[in-house]
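Here we start with a single chain on its own, the form predicted on its own, put down as structure tokens.
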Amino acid sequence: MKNKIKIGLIGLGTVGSGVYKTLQNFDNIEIVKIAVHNKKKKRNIENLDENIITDNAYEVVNDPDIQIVAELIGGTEPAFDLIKTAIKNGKHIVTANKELLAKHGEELFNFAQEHNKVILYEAAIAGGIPLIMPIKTILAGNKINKIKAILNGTTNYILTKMDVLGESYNDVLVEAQDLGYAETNPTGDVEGFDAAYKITTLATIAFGKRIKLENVYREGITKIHPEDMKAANEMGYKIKLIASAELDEEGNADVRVHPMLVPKSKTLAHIDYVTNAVTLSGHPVGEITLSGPGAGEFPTASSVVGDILAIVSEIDKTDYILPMMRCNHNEIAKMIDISETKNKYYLSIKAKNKMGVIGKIGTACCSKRAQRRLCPNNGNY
């Protein structure tokens, strides 16, 4: 085609490689520049033109010919400045950066609106699962008031293996690292940071109110033991790391990430290994669950490329592209602190088998002081 849309990529790792390979199938798109950290690194990409590779990402965002920039490096810096520079230079943005959106999304979306550019981010929530575009289009007529989701494949893999094999957290973590499912430093996943970033953005979009990351309660899976898994099964539950968001009748938001006991009757109880799933509840649709691969080269690339093609289809056809996909809410949600919520709990207690122990445990659990000190470990789904 004579007028190909020119694309610039920032990042050529797992996701970037998948995006590059996928875009080769479209003759109306041309990748003209790719920024990488290490130009000498060998990459599993056939016929990669080394002439378009640079180790200076600002060459991408400052290139006057590039119309769309796909940011695929993660983290807040230099991604934040790169995206703002690209927008200032008249480029639309596609990103998979959940941390950046959770921490600086409001500023970036406002900046993009000022410059009449769009930021699309389907890949930032649940990899290959379509969420943002369906919520903003097909589900736009619904009042969504509850989200329950498994948004981190690493933790879901670990919990599944602990459940199926009865292995300890530490043993399964080592295995997950060997298989590439967990990072050398797994803190971002196992302590719930990754899921917190994702539910912050997802709840913001679904509820039409800005959710502040600092008000999202977060707890990881490091305190879960095989004995907990066994007890949960006996009671008819599965333990999952759930990213949850709910609106009460007054419109206040309760947003949190922590291990929960999910009834086996619920779909999320049967989402295993690295699969992700999101259950949305609202009116008039009722309850729906979307499930699929939450990470990986091609699943995530699927969402990135879908966003790119959405922008490509609008360029040169209108002066204000994709109005439904733009951020159009300014209200900040009033958040409910975790200490103000009522929850059910699973408590695992080791005690000596002697007279009076049960009575003492009951007294401790029923005292006002104990109730104030209890935290939402393993809160019931």
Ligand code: HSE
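Just count from 1 along the sequence shown to find any residue number. Owing to the predicted nature of the structure, the values given are computational and were not obtained by experimental measurement.
There is also a form predicted in complex with the named molecule; it is not shown, and the following applies to it.
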Original post:
Gly192, Gly294, Gly105, Pro259: which sits within 4.5 Å of the named molecule in the model of the complex by any heavy atom?
Top reply: Gly294
Original post:
Which residue among Lys240, Lys198, Lys148, Lys91 has a heavy atom within 4.5 angstroms of the named molecule in the model of the complex?
Top reply: Lys198
Original post:
Tell me which of 220-228, 203-211, 151-159, 111-119 has residues with heavy atoms within 4.5 angstroms of the named molecule in the model of the complex?
Top reply: 151-159
Original post:
For the stretch 61-100, which residues lie within 4.5 Å of the named molecule in the model of the complex by non-hydrogen atom distance?
Top reply: Lys98
